[in-house]
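The chain below stands alone and is given in structure tokens; this is the form predicted alone.
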């Protein structure tokens, strides 16, 4: 038994291959953080109940955003606060699966407050783990809905006050007053005894779902030594001496033994009808949906990635603006909040002659990598025969793929020679116009004055575009 407890659970990946960089063995959590402990308790329960392969973990924005790095189970990434909504959709479409929504206090109790209330009120057959560390941990230690009266944060430097910010929100108390939830408990991770109690609560919440008993909510008081500016032992003691005054432990509701198992229906559209719903001209019972080619009519699927401040998102917006002026269908979505610790910000751009179903670029035919973590992270996602444009002024490695077109561009050095490194993204825009036929240089040069309204800025950016255009045409020949 001791070997089983001390070793890595089978519900975790052996190595965390999704993590950027070279360290694939350790988690990203700060020393003393409670997330890792709770992860272990959940993983143990999934293995013990034999449901690991049938489980799906939904992670939102915040410190819990990287659950998909670690759990060897199905994983969904949701928008900030929307994990209960995503979990609802997953459970209703896959009713035999075990669906876990894993959220922090800023995510669940703030922007996701309505989401969790309505999911609980509907009695969705999911299990919610609510990590309460009384602070926004990932984004710098701001006040959360659960921050205590008198607690100092970056946004309450003199302490939270009753007059200005009000009382901390007791989510277990609120959820337990609803009729539908079958199990609500608050536990803590502060010492061996409390961790053992938390283990029982975790198992109870997952077992309820295995037995189809309905909505379970487990609140976990957890340490945040970095946000609290304490050592790990001090943080554990602070939970016991201070947090418990505002958040008493205990079972707030448990009617699981009194309710009958739910009858969960998989009421989905028959697969033979899916092509019609997607607007495809496919007829007949024999249509094989597994052979559908996703986004076949999309001309360009572009992912642009780099550090914040390099103009990654701006370049994507410009491409969209230019695409619209070329009378193309366009989409652009950014991805940057959850990547604060991952080293990249990125955006997805699609340019198409036909309607775009989803704006998400999962397999790009053009990758623009403006820093090394981005190249390492997204190289594998480029389709065979695709193009990787990378800034070899900043990136000291080359793509390892042999089935793609490799185009190193000294974008930052060119921009520096022109007077400022801030125009390296315009250099790359010029390269794109030079190597492809979907960006008309004349259209681009008509759009640039709209973007750069000041004469001085327009002048230097036109020069950057021309330099990139010339380089792109050389590479295309």
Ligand SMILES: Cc1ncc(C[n+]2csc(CCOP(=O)(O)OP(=O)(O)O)c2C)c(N)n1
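Because the structure is predicted, anything quoted here is derived from the model rather than measured. Residue numbers count along the first chain shown, from 1.
The same protein has a further form, the form predicted together with this ligand, not shown here; the description that follows concerns it.
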Might residue 253 be said to contact this ligand in the predicted complex, defining contact as any heavy atom within 4.5 Å? no
Are any of the heavy atoms in residue 111 no more than 4.5 Å from a heavy atom of this ligand in the predicted complex? yes
Considering non-hydrogen atoms and a 4.5 Å limit, does this ligand approach residue 133 in the predicted complex? yes
Would residue 306 count as a contact of this ligand in the predicted complex, using a 4.5 angstroms cut-off between non-hydrogen atoms? no
Just give me the single entry in 411, 63, 429, 57 that has a non-hydrogen atom within 4.5 angstroms of this ligand in the predicted complex. 63
Have a look at 80, 329, 199, 405 for me and say which one sits with a heavy atom within 4.5 Å of this ligand in the predicted complex. 80
Heavy atoms within 4.5 Å of this ligand in the predicted complex: which stretch among 392-400, 118-126, 203-211, 98-106? 98-106
